[in-house]
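One chain follows as structure tokens, the form predicted on its own.
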């Protein structure tokens, strides 16, 4: 593969202007140009620093209404909106291998340009200098499998439910039930942090007391992702507290801690980082605004996360299954020839035993974490049966068997299928 020497970004744009003119406006706005010629923008400077329109392809000849408000139209022209796929590129020297400044370049003022009535960032391709600057995931799939002891099949997980309201000792009691049921992975809900009713340190002491005792007794150490989201000093202290109590995972909310916060967390973390994407909807829900997850997740992979949420198939949230599948596959697709930088996709949001066949067919792999909250804890026969049912569902699909056939002599799976049908 030819080495990438420029930063490239793919977009879909909508405009009432000529699409090429709109694309050239984008390139100028995000590099050396501005809305009027300036004396310093010499031909030599433009040759060195200007962004280029590498490709453009008109997708729709006409769109009757603009997708977003406040869009401009050409003076004296008819308001006819068209969409186009556009690739822009920038010389690496404009920003250097800097993720924060990359964001300002590929996703900065572009979204505010009056010439555009819609803009979505679809994908990014980056020079190897980014891989050399940023370590990427420290654990990823192999490290997660080693720490959980799960060498084959998906990592079966759940979320503490109720999401908030349980006190540390009540959380620990639920964790004890889950450990005894054979769970591989448990996570805090993103709403559970360090509130007075369930302080972080008290929760860690109580939960790790249960997990460590279970590991001493059985040899299986359940991975628990504690939500340490906070300011940088808080996250550092909480990380060190987790290490002192032999925890094996931490969780942080990407949109809450921000890019620089995640970069710094990854630099000092000695534990896998379970990255929660809460807030993703405001970046993605409109099809002509924001980001594709395929592009967005590359930023966080380079920053150093190890697990990334991708939603789930037929979930409770507003996302098409095709988008979820593309997101999960993107997490497992190498970014660079010599540095895969892959992470473990996390399927969540209304998942259950019934979702196993479609998920396995879509991903074509068991390198994933599947977290079922109600799908485990709400099982009619209790939490242990919920864990067993989800594990049996995945045993069936990996073996190429139907859930119905596999459930005939497996009561836990049969009851789960009945309760969610």
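Residue numbers count along the first chain shown, from 1. Quantities reported herein were computed from a predicted structural model and do not represent experimental measurements.
As for the form predicted in complex with another copy of the chain, it is not shown, yet the points below apply to it.
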What stretch, of 326-334, 111-119, 239-247, 206-214, brings heavy atoms to within 4.5 Å of another copy of the chain in the predicted bound form? 111-119
I need to confirm a contact call. Of 142, 162, 182, 149, which residue comes within 4.5 Å of another copy of the chain in the predicted bound form, counting heavy atoms only? 162
128, 190, 123, 202: which sits within 4.5 Å of another copy of the chain in the predicted bound form by any heavy atom? 190
Can any non-hydrogen atom of residue 69 be found within 4.5 angstroms of another copy of the chain in the predicted bound form? yes
4.5 Å heavy atom contact, residue 62 and another copy of the chain in the predicted bound form: no
is_contact(residue 194, another copy of the chain) in the predicted bound form, heavy atom dist at most 4.5 Å: yes
Another copy of the chain contact at residue 392 in the predicted bound form, heavy atom, 4.5 Å: no
With another copy of the chain taken in the predicted bound form, which residues across 203-234 come within 4.5 angstroms through any non-hydrogen atom? 227, 229, 230, 231, 232, 233, 234
